[in-house]
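First, one chain by itself: the form predicted on its own, in C-alpha cells.
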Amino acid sequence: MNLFLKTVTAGLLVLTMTTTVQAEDTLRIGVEGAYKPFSWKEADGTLKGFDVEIASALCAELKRKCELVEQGWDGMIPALLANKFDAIIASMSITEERKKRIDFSAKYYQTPARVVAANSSAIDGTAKGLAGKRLGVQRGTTHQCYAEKAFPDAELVLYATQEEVFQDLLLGRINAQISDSLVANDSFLKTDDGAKYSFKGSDHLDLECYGEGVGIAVRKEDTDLRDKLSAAILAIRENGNYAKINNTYFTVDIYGK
C-alpha cells in the first residue's frame, strides 16, 4: 500500500471512529410533552416536567448528551422500534403486554390511578357507580386497559391526550375520567377549572394493567443500555438528585415501595 492510500485509509478510520463516538455520546430520548406535571411544553417550545428532568439527570449520570425527541403517545412505541430515538422516558408503565414488543429498565416511579368527577356527582368510583356513565380515558394507555377491565358497563370515551380528557370533562361531554392520580391532581384539580371536581373512590393499582411501575422503554436488543439506565436510576436515588427533582414537583416521594 502506497503512502497516499495509507493516509486516506487512516483518515477514513479516524472519521469512522469519531462518528461512532459522537453517536454513542448522544442519547435520544422520546418524550410526550403533553402530560403535566411529568412533561409539558412551554409557549416557546421548551420541554419541562419531571420526566424531562429525570432524563437529564440520567444522561448526566451516564456522561452522555441528552437529545429530547417529542412524540405523540399513540406512536411512541412504533417510533422507538423505528429508531427515531433510543429510549422512552414518558411515564410508560412496565406491563407484560408491552414487554412482548419492547424492554424496560427498572422502575423510576409508581403512583396509583384514580377516578375524577364533579363534586356534585353521585359517581363513587366503583364499577356500579360508573355503569352507564361516559368515562374518559387516554387512548392506548394502561388506564384504557384498566377501565375496560374494571368498568365493563361504563361507556368509554377515548382521547389522544390527557389534556383532551380534562377539557371534555369540563365541557360535560363525559361524566368522569380515570388517570394517574398525580396528573389529575396537579394538572386539573389544583387549577381554577378543577375546583368543582374531586377524586371519587379509592386508589387503583392493578398489576395486570398497571404493571410494576413506570420504567424507561428500550428496544429488546439494547440490553446494555437497559442495564445502564437501571443502574443510573439507583445512582440518582442514592446521590440525592432524584429527591431534588421529585421535591420540585411533588410533596411525597413518588418512587413507591
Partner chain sequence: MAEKTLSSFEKFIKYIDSILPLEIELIINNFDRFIYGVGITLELTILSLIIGFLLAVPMAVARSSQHAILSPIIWCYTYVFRGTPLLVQTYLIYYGLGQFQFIKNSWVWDSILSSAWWCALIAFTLNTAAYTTELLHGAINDTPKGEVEAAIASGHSYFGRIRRIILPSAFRRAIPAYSNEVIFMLHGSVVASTITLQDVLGVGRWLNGRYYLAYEGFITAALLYFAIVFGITRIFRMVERKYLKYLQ
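For clarity, every value in this text was computed on a predicted model and none was experimentally measured. Numbering follows the first chain given and starts at 1.
The protein also exists as the form predicted together with the partner chain; that form is not presented, and the subsequent description refers to it.
Though the partner is left out of this view, T141 does reach within 4.5 Å of the partner chain in the predicted complex, counting heavy atoms only. In the predicted complex, the partner chain sits beyond 4.5 Å of every heavy atom of F151. Shown alone here, A127 lies farther than 4.5 Å from the partner chain in the predicted complex, counting heavy atoms only.
None of the heavy atoms of A131 is located within 4.5 Å of the partner chain in the predicted complex. When you look in the predicted complex, the only residue of Q110, Q167, S181, S121 with a non-hydrogen atom within 4.5 Å of the partner chain is Q167. Annotation: in the predicted complex, residues D74, T95 and Y159 each come within 4.5 Å of the partner chain through at least one heavy atom.
Residue R101 is the sole member of 99-136 found to place a heavy atom within 4.5 Å of the partner chain in the predicted complex.
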